[in-house]
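Have a look below at one chain only, the form predicted alone, in structure tokens format.
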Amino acid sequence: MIQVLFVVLFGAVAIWFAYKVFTTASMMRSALALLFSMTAVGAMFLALQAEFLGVLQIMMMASEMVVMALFMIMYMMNPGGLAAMEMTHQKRLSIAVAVVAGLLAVGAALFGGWPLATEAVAAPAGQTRELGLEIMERSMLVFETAGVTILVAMIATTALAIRRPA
């Protein structure tokens, strides 16, 4: 029962900060709200006893948001990104799509006929082992390619941003 309480609590926190991502008037505050939202998702993993995924989620989002904040400070006309700006576009369409998608997700969760997850899921140590095997065997090429692509994009962006003497 306490586990369900924490999952619901962290889920509500994640949704609140996800809402704040789009309603705040600053790119920097938006990035911080996204960090808090994704950290709450990581905390949900921890509450569900998926420790590896929870810690991985929190570590990845922390490093990703630091890089995002640094690039915002480098490229924005307002260093620090604290000046007010409009963060939402096509408001009516966005609200309609969000409501429909939310109702579909809730409907799928409530009426999907899901099997009992507790019977099919291994213990936390087994989950971590299975995930490690998946990452290190079948999906290794995908992860390596994504990592190299991101690194090349960061180097290229930084190289393009450097001012050269005339």
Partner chain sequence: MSVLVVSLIVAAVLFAIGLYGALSQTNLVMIMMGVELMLAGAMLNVVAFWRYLHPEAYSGQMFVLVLMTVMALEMAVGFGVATARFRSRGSVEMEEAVELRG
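Positions refer to the first chain, counted from 1. The structure displayed is predicted, hence computed values, not measured ones. For clarity, a rigid core is taken as the largest C-alpha set superposing within 1.5 Å between two forms.
There is also a form predicted in complex with its partner chain; it is not shown, and the following applies to it.
Does its partner chain get within 4.5 angstroms of any non-hydrogen atom of residue 137 in the predicted bound form? No, residue 137 is distant from the partner.
4.5 angstroms heavy atom contact with its partner chain in the predicted bound form for residue 98: So residue 98 counts as contacting its partner chain.
If we define contact as a non-hydrogen atom of the residue within 4.5 angstroms of the partner, is residue 62 a contact of its partner chain in the predicted bound form? Contact with its partner chain, no.
Enumerate the residues of 25-45 that have a non-hydrogen atom within 4.5 Å of its partner chain in the predicted bound form, in sequence order, or give none. Heavy-atom contacts to its partner chain in the predicted bound form: 27, 30, 31, 34, 37, 38, 41, 44, 45.
Would you say whether residue 46 is displaced between the shown form and the other one, judging by a C-alpha shift of 2 Å or more on the superposed rigid core? No, the C-alpha position differs by under 2 Å between the shown form and the other one.
Return yes or no for residue 128: a CA shift of at least 2 Å between the shown form and the other one, with the rigid core superposed? Yes: residue 128 shifts by at least 2 Å between the shown form and the other one.
My question is whether residue 23 is one of the residues whose C-alpha shifts by 2 Å or more between the shown form and the other one, given a fit on the rigid core. Comparing the forms between the shown form and the other one, which are aligned on their rigid core, residue 23 does not shift its C-alpha by 2 Å or more.
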